[in-house]
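Heads up, the chain below is alone and in the form predicted alone; it's given as C-alpha cells.
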Amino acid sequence: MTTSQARTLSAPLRVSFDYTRSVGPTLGAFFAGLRERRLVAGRLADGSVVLPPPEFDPATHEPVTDFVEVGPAGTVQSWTWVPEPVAEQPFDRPFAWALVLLDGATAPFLHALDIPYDDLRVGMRVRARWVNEPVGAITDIACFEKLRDQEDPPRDAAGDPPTHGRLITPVNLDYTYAASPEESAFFRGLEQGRILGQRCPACGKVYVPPRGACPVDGVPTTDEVELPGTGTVTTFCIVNVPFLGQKITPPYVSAYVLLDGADIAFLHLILGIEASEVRMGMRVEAVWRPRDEWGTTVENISHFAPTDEPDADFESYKVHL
C-alpha cells in the first residue's frame, strides 16, 4: 500500500431536494382536517380505523372513502428517546418519538412527544398540541403532550379547509462520506492532475474510480495505474428537466466515458458540443479547471469535450455498456 493510499479522506456531504407529490382525495381529506385541527382517519373494509388514511384498502384494493374523526387524545403504546436532535426535527432539545393510539383508531400514529424523560411511560394519556396557524401539513401538529386528569381535549376549528392538489416535502440528508484507501489515492491523484485507477492482479481489469476488490475475482486491486484523459462515450443521457441546485442550463449531456486503458466507464459531463450531437462511440478528452481551483474532487475535471478523432468502433466498447 502506498503512502497516499494509507491516508484516507472524508468529507461532509448534504443531499437536499423538495419532494412533490399530488395528494388526491384521500390524503387531501387528511390534510384538510389538519387545517381545521381535526384528525381524519380512514375506515377500512374490516372495520379498522387508520391514520393517516391509506389511499387503497390493503385487503380489497378499493379506494378508501369512509372517513372518521379520531383523537385528538390517545394512549402511548411505545416510545424512543432522542437525546441529540438533528436539524429539521421537531425540537432542538431532547424529546421522544412515540406511537400513539388515538381514541377511535385501531392502529398507532407516529409523532413527537414533548414530555420529560422521567415522566414517559407506556400507557400514558396524551393529546395533540397544535401550532397557532395550521396550513394543512403534518407539522400542524407541533407534538403530543401529557393529558391532564379530567381534561377534555379541545376540538376547535381554524377556518375553511383548503383544497389540496399537491404536497411539497423538503428532504435533507447530512452525512460524512469516508473514502476507502483506494478512493483516497484516486482523489489525491486528481489534486495533482492525474487520473489513477487500480488493476486486478488476477484478471488484469482496470477500475477507475478504483475499487478495493475486483468484482470479477474478489481479490484486492493492488496495482496502481495512471490513465490518460481521453476516452470513448459508451452511453449517455440528455438532461432536459431543470432541478433544484442545477449548475448547468439544460439541455446538457451526462455520459459514461470509457477512459483509454480502463475496464469500467467513468460518469461525467459532455460539454463543448450540442447535446443532440453527442453519440455512442464519440471520442472525448478531459477538460481540467484552472489549477488554482483544484482540490481532492472529481470536479477538478470540468467536463469532457470531443476530440478530432474518428468515432470508436462499437466492437471496442460493446462489453462496457
Partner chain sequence: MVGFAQRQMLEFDGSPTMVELLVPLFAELYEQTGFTRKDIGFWCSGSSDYLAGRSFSFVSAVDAIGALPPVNESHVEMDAAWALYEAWVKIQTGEIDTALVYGFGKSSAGVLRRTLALQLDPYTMTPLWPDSVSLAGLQARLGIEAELWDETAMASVAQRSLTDAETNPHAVRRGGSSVEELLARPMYADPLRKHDCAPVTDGASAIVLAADDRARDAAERPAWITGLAHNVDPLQLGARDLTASKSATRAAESAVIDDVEVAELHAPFSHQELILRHALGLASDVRINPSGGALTSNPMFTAGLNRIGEAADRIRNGEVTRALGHATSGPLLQQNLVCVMDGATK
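Take the two forms, find the largest set of C-alpha atoms that superpose within 1.5 Å, and that set is the rigid core. Given the structure is predicted, the values throughout are model-derived calculations rather than measurements. Residue numbers count along the first chain shown, from 1.
There is also a form predicted together with the partner chain; it is not shown, and the following applies to it.
Undergrad: Tell me, which of 230, 89, 222, 75 has a heavy atom within 4.5 angstroms of the partner chain in the predicted bound form?
TA: Selected residue: 89.
Undergrad: Sort through 213, 135, 238, 131 and report the residue having a heavy atom within 4.5 Å of the partner chain in the predicted bound form.
TA: That would be 213.
Undergrad: Would you confirm whether the three residues 19, 139 and 181 all fall within 4.5 Å of the partner chain in the predicted bound form, going by non-hydrogen atoms?
TA: Verified in the predicted bound form; spot residues all in contact, yes.
Undergrad: Quick one: find which of 65-73, 45-53, 285-293, 266-274 has residues within 4.5 Å of the partner chain in the predicted bound form by heavy atom distance.
TA: It is 45-53 that comes within 4.5 Å of the partner.
Undergrad: If we define contact as a non-hydrogen atom of the residue within 4.5 angstroms of the partner, is residue 243 a contact of the partner chain in the predicted bound form?
TA: It does not: once the partner chain is placed as it appears in the predicted bound form, residue 243 has no heavy atom within 4.5 Å of it.
Undergrad: Can you work out whether residue 248 and the partner chain are in contact in the predicted bound form, taking contact to mean some heavy atom pair no more than 4.5 Å apart?
TA: Outside the cut-off, so no.
Undergrad: In the predicted bound form, is there a heavy atom of the partner chain that lies within 4.5 Å of any heavy atom of residue 27, even though the partner is absent here?
TA: Within the cut-off, so yes.
Undergrad: Residue 189: heavy atom within 4.5 Å of the partner chain in the predicted bound form?
TA: Looking in the predicted bound form, residue contacts with the partner chain do not include residue 189, since no heavy atom lies within 4.5 Å.
Undergrad: Quick one: which residues from 98-131 get a non-hydrogen atom within 4.5 Å of the partner chain in the predicted bound form?
TA: Sequence-ordered list: 98, 99, 107, 108, 110, 111, 117, 122.
Undergrad: For residue 187, decide whether the Cα shift between the shown form and the other one is 2 Å or greater, given a superposition on the rigid core.
TA: For residue 187, whose C-alpha is compared between the shown form and the other one after core superposition, the shift is less than 2 Å.
Undergrad: Core superposed first: is there a CA shift of 2 Å or greater at residue 296 between the shown form and the other one?
TA: Shift of 2 Å or more: no.
Undergrad: Rigid core superposed, CA of residue 116 - does it shift 2 Å or more between the shown form and the other one?
TA: After core superposition, the C-alpha of residue 116 moves 2 Å or more between the shown form and the other one.
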